[in-house]
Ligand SMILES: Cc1ncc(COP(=O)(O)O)c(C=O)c1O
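Below you'll find only one chain, the form predicted alone, shown as structure tokens.
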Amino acid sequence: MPTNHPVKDQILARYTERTPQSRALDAQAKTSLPGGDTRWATYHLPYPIYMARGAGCTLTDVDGHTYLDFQNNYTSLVHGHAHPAITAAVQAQAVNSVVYGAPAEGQFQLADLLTKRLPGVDQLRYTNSGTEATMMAMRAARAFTGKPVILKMDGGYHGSHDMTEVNITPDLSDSRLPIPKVEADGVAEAVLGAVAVARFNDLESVEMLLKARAGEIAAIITEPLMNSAGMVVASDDFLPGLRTLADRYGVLLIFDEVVTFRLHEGGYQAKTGVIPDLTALGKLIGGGLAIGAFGGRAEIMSLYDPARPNGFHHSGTFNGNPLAMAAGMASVSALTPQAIDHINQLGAEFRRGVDEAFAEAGIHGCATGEGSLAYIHWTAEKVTSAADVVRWKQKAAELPRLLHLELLNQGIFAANRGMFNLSTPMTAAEVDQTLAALRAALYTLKPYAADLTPHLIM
């Protein structure tokens, strides 16, 4: 870690001075939660801010400070907080019970809405998270094809089940193909026999594996746009090329649209015209409640028909629970083409503003992303892979962390890794306010950058 610097000390001092209640709650949480944490993505040093309530595109913390929310629970709150239609739907359902242990109309009503929108989804089944959704999509692919291996992208994130805990952190070697590795202790090395790893935006690496492991690979899984890896956009030929290769080698194509569904009424698959065989969903389809879903071609999903002899078993205590169905119907219904266009245009303005703010401050940096999604990078180089993101972070010292804290000091709440996303209550005013805060933060950080990362100074 870099040594102390006056700029760092000043940012940390402002942060701790304005958030004493969050600091106290963090200390209390450490009694029963390891490190005070139960969700790794939301924790950061010196301690996270505890929120008390949200309304529209704002949050209020336990110390009474208000923030513009550009995190939105990592894209699940596409309509912000306490959206009237979602709140009313949840309240109306809650008085009748939150879960029955029996089917309810909301299950097929939401499924009907989703299958009408997503061209690659004829039928679907619910889970309780995006992690479960990708797990079941991968299992469905293996069961349908009778093949054991899933091909994923280096740096791709598909949740936290064992089959996805491979190369979430990208391989930085010069190997033509990424070197597969398990991501964390506790994940059996045996999973490496069931996962192949190619490079995002590199069709040649995909085809090399399809040739080398012919007859073994059941499916290719990818995010159409790499989310947690740094909002890395697919090249124009990559997704169509995956579809071509999947067909040529007789494997299925799975799109993880847990995040990208927000970019178009019919998801990224409708936006690009590249139709997968299976799709994983989550986040916004539950209106802020826990949910996931996986679906695809009818011939694949029909294997889950409970009346079918030897059908595939899949259950879950809260799958398709009425509360999530009610919130999901309200959320998806409110995500009209007009609403999507609105946040996508704001997102484009935000990314342009980020680039301009870095240039104005005389610091190398840029924003990637698409539509209502953005990610801030401290580099002048083009970002085309997850490995590119890791390489610039290794050279950026504590700048990403300090920018996050300084934006919090100025009332902007975003993901600590540099990810931003917009919600439908936002207007150009919120974008302008956030860009003004970013410009001020960059000028604050410039002396730190000049001393510790001089390669970033123009």
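What you see is a predicted model, and the numbers here were worked out from it, not measured in a lab. Residue numbers here begin at 1 and follow the sequence given.
Not pictured, yet referred to below: the form predicted in complex with the named molecule.
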query: Option from 158-166, 374-382, 320-328, 338-346 whose residues, in the model of the complex, bring a heavy atom within 4.5 Å of the named molecule; finding: 158-166
query: Partner contact for residue 258 in the model of the complex: the named molecule, 4.5 angstroms, heavy atom; finding: yes
query: 4.5 Å heavy atom contact, residue 223 and the named molecule in the model of the complex; finding: yes
query: Close approach of residue 130 to the named molecule in the model of the complex, 4.5 Å, heavy atom; finding: yes
query: Close approach of residue 228 to the named molecule in the model of the complex, 4.5 Å, heavy atom; finding: yes
query: In the model of the complex, residues of 366-380 near the named molecule [heavy atom within 4.5 Å]; finding: none
